[in-house]
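One chain comes next, on its own, written as structure tokens: the form predicted on its own.
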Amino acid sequence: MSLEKFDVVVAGTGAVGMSTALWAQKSGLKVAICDPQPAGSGASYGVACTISTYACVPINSPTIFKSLPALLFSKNSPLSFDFLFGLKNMGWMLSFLSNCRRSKVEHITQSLGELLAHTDEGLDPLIAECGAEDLFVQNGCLYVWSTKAGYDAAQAGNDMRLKLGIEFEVLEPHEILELEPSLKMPMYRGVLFKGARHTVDPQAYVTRMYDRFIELGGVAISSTINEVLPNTDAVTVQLDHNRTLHSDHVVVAAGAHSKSIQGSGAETLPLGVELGYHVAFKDHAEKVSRPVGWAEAGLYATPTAHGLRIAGTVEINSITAPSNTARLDYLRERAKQMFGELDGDQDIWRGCRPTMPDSLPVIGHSRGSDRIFNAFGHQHIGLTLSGITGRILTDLIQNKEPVANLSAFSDKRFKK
């Protein structure tokens, strides 16, 4: 039986994978996407919905060494940590802490800021291509600190944002309430990112990209990519049920599952997982008019087409760990502190954010083969960076100069 042949095969139909597939399809390439799950049903489904062009400050922070005991042991912490998992993955943990040094954080912030500056170049053409303008709202994003200590600890990061040209307005408590009068938690200062956007339905956006991709002649295969076998001429792609594809290029954009693709090079990288959660209160979308991040609580409250979404927190655990009901209870309690009692139906979600120990995604050629490309590890900003990642990879596949410097995102920054 003859092999099925493509210019590009993309592993993963989340925001990053679908953006890559649609950019490549728009460029005239013959593209197949492979994923056993519906488009946008993984981590892309449960995000906080923000287009976070300001999110260049990583979770890595010099202050984490002082705050780590409280983060690990307080029931009010936005961080949950499985110690058995930590012991089994000590190398990742130590690498994360090593990247909390001030010089490393400045490098990470600079690198993310430069890439985030290209967000609109990657995202806007895709939104127009799939007719998703109605799914995006440009009403700014508000970030609130409840304490002086929290605000002061964030000052270094905000200063770095200003150096990178990211504009924001500092607000007093009364100014915060003028914008969002339903907020009830303590307030010390706020920051308004005036030009920021959010989507009211991230899965609907990814689904529209998928539909447009199919309309343009793309091929969707409901299967996992188990192994890739690159050679000088092409890549052999092994799927479930002994199905085989033949492609000039392969893009690994399977998020937290990227390490499972043997032969891609991703299996050798320190790709970690942050388990994230959301609770959506279906009857209360009107509580806020824009995404509101509560800094100390580590979450966003976002108005969506399906209700008020309370999304955030970080659980360091195995990708196969069962849902942690305590994380959902934490979000409900914080939502109560933000808005008072919220009744009615709820939608709950848990998903896996792909995260590298330095909070930088892996984008570009795989060190395993020039025919394989990396597109994973976007942690909390996968939706934001999805479009520009797809555009960059399409340029690389076509031997064009990418719009951004990729040196900081190379897999070569990690030891073999």
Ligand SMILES: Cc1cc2nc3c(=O)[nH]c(=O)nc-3n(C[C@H](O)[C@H](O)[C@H](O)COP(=O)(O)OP(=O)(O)OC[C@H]3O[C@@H](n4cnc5c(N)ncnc54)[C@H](O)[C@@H]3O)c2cc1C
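The first residue of the shown sequence is 1; numbering continues from there. None of these values were measured; they are calculated from a predicted model.
FYI, the form predicted in complex with the named molecule isn't displayed, but the following is about it.
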| query | finding |
| --- | --- |
| Answer range among 383-391, 23-31, 59-67, 366-374 for contact with the named molecule, defined in the predicted complex as heavy atoms within 4.5 Å | 383-391 |
| 4.5 Å heavy atom contact, Thr224 and the named molecule in the predicted complex | yes |
| Contact label in the predicted complex: Ser359 to the named molecule, heavy atom within 4.5 Å | no |
| Residue contact check: Asn324 to the named molecule in the predicted complex, 4.5 Å heavy atom | no |
| Contact of Trp294 with the named molecule in the predicted complex (heavy atom, 4.5 Å) | no |
| Contact check for Ser182, Arg189 and Ala301 against the named molecule in the predicted complex, heavy atom at 4.5 Å | no |
| Contact residue in the predicted complex, from Gly265, Gly276, Gly218, Pro230 (heavy atom within 4.5 Å of the named molecule) | Gly276 |
| Residues in 231-262 with any heavy atom within 4.5 Å of the named molecule in the predicted complex | Ala253, Ala254, Gly255, His257, Ser260, Ile261 |
